[in-house]
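A single chain, nothing else alongside it, follows as structure tokens in the form predicted on its own.
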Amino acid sequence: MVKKLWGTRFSKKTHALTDKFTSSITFDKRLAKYDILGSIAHAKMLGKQKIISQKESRQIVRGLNSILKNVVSGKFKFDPAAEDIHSNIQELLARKIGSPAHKLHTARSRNDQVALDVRMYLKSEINNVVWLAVMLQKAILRFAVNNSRVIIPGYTHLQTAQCVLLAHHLLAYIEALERDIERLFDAKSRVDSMPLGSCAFSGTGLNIDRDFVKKELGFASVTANSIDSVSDRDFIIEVLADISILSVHLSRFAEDLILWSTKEFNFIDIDFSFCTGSSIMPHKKNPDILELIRGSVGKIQGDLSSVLILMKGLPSSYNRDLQLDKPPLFDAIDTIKDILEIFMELFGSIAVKKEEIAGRIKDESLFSVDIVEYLIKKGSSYRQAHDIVGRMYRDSLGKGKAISGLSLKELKKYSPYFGLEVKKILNAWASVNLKRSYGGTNPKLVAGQLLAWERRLK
């Protein structure tokens, strides 16, 4: 049985229900590596400052390194009876090296210790999430480059709108992911502040060197206020908010792919390895993985809400409620990493149905804006041009008649500006080539964007 770090004060044992309800070892055990690394830096500092002897400092560091090897190799046996990971490691260290272990907790509290552990964990995990997001950008870019000559009908309000290059649509995903990466790196700058030395909440009268610990652990700064240091969870909320935004983007990507894989759209075929079947309908090939991604994003939003609600009523300084910030944080990190990894592989297995799409972009309603702009270039006002083209489509497409089938005389009835050359823009390639504004779907502009992203992602 692990001895409680605070047990001497109590005249009787805590109830078994209390122990069960307050224990956090089941989830904070994943902080073991960071807890040990933080303790090693702390022990070195205590020795350097002569708060403990150099010999004791070295004994503690050797013992912690021995435990760390087992943690990293997966051989560490967590004690389910321990109150938390800090108690578990402290007790094991005492068994290994004896009485010097009892000096490790000098000039610190579990309050600043856990704040340190979580910040170290997040610094590492932000890097992992960012790396996966960059890998997904690369996977999407490869898919875009391989299909750079494909034009699809674009949609607004889920109604066909105008022609766009498929690569242009995919570049929108890459841009969104880039903002997510920037947000996470920005959040990391606020995570990167070292809280150890704040102790319970008021600091210590012992001659510690916080700057030394900061440098040992690779932090950019030390926290400036001891009360804020142990009670601040803004950095967790901010990372969860950034992950939530990232997850929304991924959910929207999933929704696009789900729609595109339906018989009604029929733009793509998702590989069987990322689909499942039906227990009753033998013909079915369901994009269940994408649907579960879409559903899992709701969990991430819930994780953010959980921590926000946890924090909203807490007074300043440390409160035990803060123990419950870790399960939603860990869940959100695990979930977003799983989704990113799946998307990386999935984009490499999508087949584009080019012939099916080619038939869809013959719809002349896709070129209405191009005709409006043709008239504007001839001298018509925007309002006049919009009304003219609206009447044309009402009279023609509404009756099953193609604009391209109208004679010059029929065209002139709508506007004297019309010439037969207007028919040359009634095709998908002409349409996308006409889009010349920066950031648009013009093939040359899109090719330039693809090249720029290839260089950037290298």
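What you see is a predicted model; the values in this text were computed from it and never measured. Sequential numbering from 1, following the sequence displayed.
Not pictured, yet referred to below: the form predicted together with arginine (ARG).
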property: Arginine (ARG) contact at Lys326 in the model of the complex, heavy atom, 4.5 Å; result: yes
property: Distance check, Asp180 to arginine (ARG) in the model of the complex, heavy atom within 4.5 Å; result: no
property: Touches arginine (ARG) in the model of the complex: Arg110 (any heavy atom, 4.5 Å); result: yes
property: Partner proximity in the model of the complex: Asp84 to arginine (ARG), non-hydrogen atom cutoff 4.5 Å; result: yes
property: In the model of the complex, segment of 317 to 325, 73 to 81, 126 to 134, 364 to 372 with a heavy atom within 4.5 Å of arginine (ARG); result: 317 to 325
property: Val114, Leu93, Val213, Leu240 - the one with a heavy atom within 4.5 Å of arginine (ARG) in the model of the complex; result: Val114
